[in-house]
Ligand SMILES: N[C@@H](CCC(=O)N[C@@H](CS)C(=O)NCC(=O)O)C(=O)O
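Okay, so here's just one chain, in structure tokens, the form predicted alone.
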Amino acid sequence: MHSERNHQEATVPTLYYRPGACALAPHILLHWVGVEHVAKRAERNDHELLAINPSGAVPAFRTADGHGLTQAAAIMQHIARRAGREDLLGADDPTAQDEVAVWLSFFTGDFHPSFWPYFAPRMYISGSVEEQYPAVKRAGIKLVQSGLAKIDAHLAGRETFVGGSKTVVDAYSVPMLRWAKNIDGVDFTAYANAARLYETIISDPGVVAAMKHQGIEP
């Protein structure tokens, strides 16, 4: 059984998150594997978070043996392996393992960054020229739409991203698809396969529990 106590314990892994961020993915996975854990909301100046990641970015993870981890994909692989849930990483099928690696890389390296021009247009402009923000945000929307098109094509005829059962990739898809669904200018329903998977997975007990803990809606 899992536990989400308010105070960190040395022997209990701790996930640092901010509501709705990509840390939702390892939070979901912690529920899927049923491991005892602490999930702690942490702002950028949280001293425990900064001890793991000096940038203050989430997710950050304190393992059961006290080591700090960053990066959602690395954290999720650690959680699955530590729980003995190799099935969530492709089990003993090399092709499935490769597919999991591909899609984790896609979400980390391609799809996740495509949102930043929309969420933080100032990062892409020299100086504070706010009148340029709409154009930068439109560029971000195009990148998100391109990523959604790839996801949608892949999910045609599939219930999960890899194989016939859920993997860490499906957990990672939840915050990413949630972001896409809630962006003005993106018709999420036009990506029928992606929308179908999202509408199915948000009823998963682990997803429901993680979202409830973070105080967010699908």
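All values derive from a computational prediction rather than experimental measurement. Note that residue numbering follows the sequence shown and begins at 1.
The protein also exists as the form predicted together with this ligand; that form is not presented, and the subsequent description refers to it.
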Task: Partner-proximal stretch of 29-37, 52-60, 148-156, 188-196 relative to this ligand in the predicted complex, 4.5 angstroms, heavy atom - done: 52-60
TODO: May I ask whether Arg81, Phe106 and Val169 each come within 4.5 Å of this ligand in the predicted complex, counting any non-hydrogen atom?
DONE: no
Task: is_contact(Leu15, this ligand) in the predicted complex, heavy atom dist at most 4.5 Å - done: no
- [ ] Look up in the predicted complex whether Cys22 has a non-hydrogen atom within 4.5 angstroms of this ligand, and give yes or no.
- [x] yes
Task: Non-hydrogen atom contact Leu88 with this ligand in the predicted complex at 4.5 angstroms - done: no
- [ ] Using a 4.5 Å heavy atom cut-off, state whether Arg44 contacts this ligand in the predicted complex.
- [x] yes
- [ ] Go through 63-87 residue by residue and record those having a heavy atom within 4.5 Å of this ligand in the predicted complex; state none if no residue qualifies.
- [x] Gln71, Ala72
